[in-house]
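One chain comes next, on its own, written as structure tokens: the form predicted on its own.
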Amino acid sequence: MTDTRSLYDQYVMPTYGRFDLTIERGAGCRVWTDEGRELVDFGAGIAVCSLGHAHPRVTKAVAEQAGQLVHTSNLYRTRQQAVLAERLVRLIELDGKVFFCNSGAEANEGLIKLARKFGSTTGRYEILTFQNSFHGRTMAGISATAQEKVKTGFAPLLEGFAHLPNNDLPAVRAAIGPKTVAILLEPIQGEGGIHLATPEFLLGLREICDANHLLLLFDEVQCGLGRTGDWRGWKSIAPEGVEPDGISWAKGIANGFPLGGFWARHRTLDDRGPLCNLLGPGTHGTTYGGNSVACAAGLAVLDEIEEKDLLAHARESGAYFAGVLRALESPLITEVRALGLMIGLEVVADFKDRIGSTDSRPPSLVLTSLLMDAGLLVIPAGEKTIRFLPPLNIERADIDAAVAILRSVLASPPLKSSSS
């Protein structure tokens, strides 16, 4: 039988810088490779598996729903989609409606289309985004993303985006022009390195949008639906005074089943009626989005988070985890940035020199590989930061196990494996 790596090399497009690891199964925050190795998984599929791998509640919900109905298309109604939409609107405590799709990139694409539709009668289409952001891999997503590495080779990009310094209100005010229609940001940047918007910035953006008839759109694909210890990532930063006009979701919504969505506010902004009704029949759609199995998985995830009070658990576990990381006081660590279970650890710029590594990759990838070889999965973020994104139900014993591996690697990096 041909081994998995050879099959990938021959038949799968090389669009990812994959690590040399083939994962065969998972349970909770552990995974096992095809070679029988056990690893502690603190990446959770890049913040996707909110309840960990193979959670029995999700498995049961998916199996039962798959035995009844998998897919009908969106030409018809299904109960699971309606109930999940109602549930999400209730949880964020803001009136509005939800559109379901398959991924975070599609959810952000929907927000971009909503903004352009909103501005179409006045000739406005420009959206302001922020440095180190990440909004997906579609053409609109890479155009919105303020990182040059995702744009190279894909010109001409979609016009109508301006990239600004994060947490800089004067820069935002100066950038608003006659074509500006919306502001799109991640309250907590994930791929960019776990950088938090300040409360003052979020409050100021809301005021700017109100004063200029702009939409305020939050990309909560990574930080939303519990990861920060609140259903709403922005509320963990600014508890009062900020209400967005649109939110995108995906990742942790269905524990690994392809599901995304965006919410739009039930607020009348012009004579066309509420914003949440602006995208009418024929203006937007998807074949698979919100299918019955994915929505059943999403409902199971939300049930488990609510019933087990995993929002509070995420806050408490995140505070403990960040505290333990900061207590390491390693000369290789410059900063730990954290909110709930969204934690970034940044290493020194000369990390590779200090550990004697000749690996040509950025420090974040070198450290990620070293940790993987030692039995811990994390996610690189930018040049110098690794992300810890464990399940929301993570136990302290697992946090301690992950930190022990990190401590060991930082104290004595196994350089022979760092270039693998």
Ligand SMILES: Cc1ncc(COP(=O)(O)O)c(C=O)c1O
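The first residue of the sequence shown is number 1, and the count goes up from there. Remember, predicted model here, so these are calculated numbers, not experimental data.
FYI, the form predicted in complex with the named molecule isn't displayed, but the following is about it.
Shown alone here, Gly104 lies within 4.5 Å of the named molecule in the predicted bound form, counting heavy atoms only. Although the partner is absent from this view, Gln222 contacts the named molecule in the predicted bound form, with a non-hydrogen atom inside 4.5 angstroms.
Residue contact with the named molecule in the predicted bound form: Phe130 places no heavy atom within 4.5 Å of it. Though the partner is left out of this view, Asp245 does not reach within 4.5 Å of the named molecule in the predicted bound form, counting heavy atoms only. When the named molecule is considered in the predicted bound form, only one residue from Gly136, Gly160, Gly318, Gly193 comes within 4.5 Å through any heavy atom, namely Gly136. Contact check at 4.5 Å (heavy atoms) against the named molecule in the predicted bound form: none of Arg227, Asn255 and Glu304 pass. Heavy atoms within 4.5 Å of the named molecule in the predicted bound form map, among the stretches 306 to 314, 115 to 123, 96 to 104, 168 to 176, onto 96 to 104 alone. Interface residues of 169 to 197, taken as those with a heavy atom within 4.5 Å of the named molecule in the predicted bound form (partner not displayed), are limited to Glu186.
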